[in-house]
Ligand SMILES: Cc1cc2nc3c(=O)[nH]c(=O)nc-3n(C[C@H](O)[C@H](O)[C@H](O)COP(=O)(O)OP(=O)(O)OC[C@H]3O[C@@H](n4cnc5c(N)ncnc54)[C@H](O)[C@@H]3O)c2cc1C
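Take a look at this single chain, the form predicted alone, given in structure tokens.
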Amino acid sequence: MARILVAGGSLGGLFVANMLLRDGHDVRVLEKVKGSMNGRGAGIVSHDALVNALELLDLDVQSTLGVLVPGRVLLDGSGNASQKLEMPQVLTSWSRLYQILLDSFPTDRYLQGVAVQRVEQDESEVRVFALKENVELTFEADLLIASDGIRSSIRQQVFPNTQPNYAGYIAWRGVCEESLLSDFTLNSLFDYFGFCVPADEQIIGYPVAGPNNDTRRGQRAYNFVWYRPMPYGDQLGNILTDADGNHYPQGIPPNKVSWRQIAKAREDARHLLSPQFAEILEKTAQPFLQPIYDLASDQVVSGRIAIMGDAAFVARPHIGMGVTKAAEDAAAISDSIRLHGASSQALLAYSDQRLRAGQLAIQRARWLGDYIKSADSSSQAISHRQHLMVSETAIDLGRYGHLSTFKEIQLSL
């Protein structure tokens, strides 16, 4: 039995902590947030690998994981369906997955309010120095797994040159309660994975569980992500500044987004989006903002320390793989430790499995995000790009026969 610390108690950290605990290791999770994190995040696409990871933990929740949609629909500016694809898929939510994974992990091993300050290691162990309510704590372990997100304090210490890069656009996100929407929107959009593509922009959306993870008809919600160009500089700075003038350069908390910015987004939606998506924007209680970043690591292991999930790679949300990628990282770490023991050799084996996968995810997400910027503005080219977006966004590669469209990206790595 090895002593293993996991920094970060969100979905990726809970996946790897649960897997390692099942293998008999002495696992503790260090989470800097104090109190419940339920209600964070929004919708999540449930890829096959995500379901497989839950099954590895004997969490057979496929039938209750989320909402099944029969396919996809592309709406034009008038709200008419210009494309429909039959592509069954289950859509879940951050809250649903978080509760499943948290309930399966011992509460006394999930330490909250613990902020990692620095780490040290030698050939035999790792030492983590942290603060909890201004009290200094020291933890010792055989391995440290960092799953502490895009701004990972551990990655910045171990791999300081690996930093997020702004992609040039933002996303408005939110979840609208099903009960608030008109019959028109419910009948033409709600049950589908929906798309609308204004010039140089795109919005997607899909149904997810509603409050208290309720998936009953009438009690669900609709999750949306609206991508909008936003050059780095004053424009981005303004939108990341709250109504009192406080600036949040790394991302503004949902409850701090200026009401003026929300009002402008809703007004823009009325002019640019289909009426169904415009209604959803109007009736969402608290839309929030997400600057879109790429984070690509060229190393994920240093001695007895490994980074995983969003601490290692953050791909633009177009591929819908963030949580699935973290679950695959967790499974690779667990498999490698089972084979090689809790050692630096095990972490190198994990790196061999997952480094290229992370780089491929980054490239595919860029490909999907950049397609709309093509210089060819002919109606035929636009129609082709729209079809690619509808058919390729957030899919399991290979399930629907789409591997060939990404061949050039695979060959470039």
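Given the structure is predicted, the values throughout are model-derived calculations rather than measurements. Position 1 is the first residue in the sequence shown; the rest follow in order.
There is another form of the same protein, the form predicted together with the ligand; it is not shown, and what comes next is about it.
Stretch 312-320 is the answer when you ask which of 158-166, 67-75, 312-320, 239-247 has residues with heavy atoms within 4.5 Å of the ligand in the model of the complex. Scanning L101, V119, V175, V114 against the ligand in the model of the complex with a 4.5 Å heavy atom cut-off leaves one residue, V114.
Proximity to the ligand in the model of the complex, defined as a heavy atom within 4.5 Å, singles out one entry of A346, L368, V27, V45, which is V45. Using a 4.5 Å cutoff between non-hydrogen atoms, V225 counts as a contact of the ligand in the model of the complex. Residue contact with the ligand in the model of the complex: G149 places a heavy atom within 4.5 Å of it. Of the heavy atoms in L11, some are within 4.5 Å of the ligand in the model of the complex. Shown alone here, S153 lies within 4.5 Å of the ligand in the model of the complex, counting heavy atoms only. Taken together, the three residues M19, F139 and R356 lack any non-hydrogen atom within 4.5 angstroms of the ligand in the model of the complex. Along 196-213, one residue reaches a heavy atom to within 4.5 Å of the ligand in the model of the complex: Y206.
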